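Form predicted on its own, single chain, as structure tokens, below.
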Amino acid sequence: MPSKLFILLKSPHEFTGMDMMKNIAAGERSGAILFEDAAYFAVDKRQANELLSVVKEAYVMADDLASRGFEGKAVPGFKAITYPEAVELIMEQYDQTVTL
């Protein structure tokens, strides 16, 4: 089965796609990259745990964390990455991307 990488852009308070992610990711290698306001998932323990229960790997853009004053404060389980690392994940490491 193809691996799936979810690209999240909205904050946890605006995001309504968790159930859809569960259905799409079920039984497959899955990950999520958090861009823009989705970076808040990585610093809110409850929201972080919910996301980590859906995907096996979680990444957050280091620039987006820093611009929101959360540099180095991501919950364990989230890896802060750079834009070249994001491109590598999207283009080489996962078979499909799903933007939510």
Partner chain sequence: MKTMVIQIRTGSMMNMDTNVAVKLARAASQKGYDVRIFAYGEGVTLIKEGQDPKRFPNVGAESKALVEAGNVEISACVTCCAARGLRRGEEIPGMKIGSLTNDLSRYVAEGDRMITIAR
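Positions refer to the first chain, counted from 1. Source: prediction; values computed, not measured.
The same protein also exists as the form predicted in complex with its partner chain; that form is not shown, yet it is the one meant from here on.
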property: Every residue of Val43, Ala66 and Phe70 near its partner chain in the predicted complex, heavy atom within 4.5 Å; result: no
property: Residue contact check: Pro76 to its partner chain in the predicted complex, 4.5 Å heavy atom; result: no
property: Any non-hydrogen atom of Met18 within 4.5 angstroms of its partner chain in the predicted complex; result: no
property: Glu36, heavy atom within 4.5 angstroms of its partner chain in the predicted complex; result: yes
property: Heavy atom contacts to its partner chain in the predicted complex at 4.5 Å, residues of 62-97 in sequence order; result: Asp63, Tyr83, Pro84, Ala86, Val87, Glu88, Ile90, Met91, Glu92, Tyr94, Asp95, Thr97
